[in-house]
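For reference, the chain that follows is the form predicted on its own, supplied as structure tokens.
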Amino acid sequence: MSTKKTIKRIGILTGGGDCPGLNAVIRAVTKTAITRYNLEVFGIADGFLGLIENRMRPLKFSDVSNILDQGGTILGTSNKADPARFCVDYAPDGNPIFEDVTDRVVDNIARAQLDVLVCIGGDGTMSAASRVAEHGVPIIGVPKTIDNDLMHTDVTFGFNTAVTIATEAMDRIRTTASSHSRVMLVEMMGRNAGWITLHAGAASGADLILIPEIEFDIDMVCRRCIERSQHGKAYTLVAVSEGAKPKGGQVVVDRVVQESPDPIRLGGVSEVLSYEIAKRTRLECRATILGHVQRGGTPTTYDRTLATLFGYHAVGLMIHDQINHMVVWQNGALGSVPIDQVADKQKLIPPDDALVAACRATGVCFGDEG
């Protein structure tokens, strides 16, 4: 019997960090499912945590009206709830105790009579969803991350908004850098992928762009700052990814969240660099960490439309029996790939990336000899 004839009730969850455009996907999935296919839709609270704790509610057409331009997610989210490795308690020494509660998730899905689960999230969510799918739960994935680091899709919704916010911040910081003749470093999110930093740095005309994929030489960074100062350039603008690291060195870790599936939280490399550059060059330096401002607020027009397309296509995949697939955008068109091809992988900037080459050609320094 085909999936098209048997689907009656679907669930939606948003996992991982919040992201501009999540509500646009929820809206598109819910309205398409109800109006075109007469399906029942249930919203699951706080990502996989809601499935673990059996917290879900019906979503009606009116529940998702007027949310297209809202940031965040009306369903809530969690980045600490991987069913395969869920913190159930803490030992006397304070360390978390993990258990595999996937069976509990599967039971709650069966109890709610959900025929398909739509999982909207990044690499962590897709990895967790893939493992749940191995237990017989039909999954449709929708790629969400400001980091743009999901495999097999050219772009994820949320990325354009994050780049736009970061670019505006760089533009604003340029004026204070110029006014005070400073080296200004702006740190951006992305974990081990430098997509936000590369694109925002290119769009704002940054003088240096430091990304995880290209290890930097601190001497080269300082030399570029001094050269600009000696040749009449009153300031230097540096775009820095939170995962950038020196040659042979390590990333700067802000904190470790032991109960999270992704425990290492990066942050602070711009402050370390600011101190080093100032000490070595005697130039005045300042660091700004953009942090969560990059993932909050109203999504751009591009992300609203992309999220709407993704949500619409997600319903189409389930109706046409493309189960356990993730929606992708490839070569200017909607498509899909098996979700297990995305799980536990990360898309990084390749060495031959065209934007890296264009930036180098226009005089941008990446902290290396390239």
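As the structure is a computational prediction, the values presented were derived from the model and not from experiment. A residue's number is simply how far along the shown sequence it sits, counting from 1.
The discussion below concerns the form predicted together with a small molecule, not included here.
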query = Can you pick the stretch from 190-198, 206-214, 167-175, 275-283 whose heavy atoms fall within 4.5 Å of the small molecule in the predicted bound form?
reply = 190-198
key: Close approach of residue 79 to the small molecule in the predicted bound form, 4.5 Å, heavy atom   = yes
task = State yes or no: in the predicted bound form, is some non-hydrogen atom of residue 120 no more than 4.5 angstroms from a non-hydrogen atom of the small molecule?
result = no
message = If we define contact as a non-hydrogen atom of the residue within 4.5 angstroms of the partner, is residue 145 a contact of the small molecule in the predicted bound form?
response = yes
query = Taking the shortest heavy atom distance, is residue 265 within 4.5 Å of the small molecule in the predicted bound form?
reply = yes
query = in the predicted bound form, which of the listed residues (152, 295, 131, 228) lies with a heavy atom within 4.5 Å of the small molecule?
reply = 295
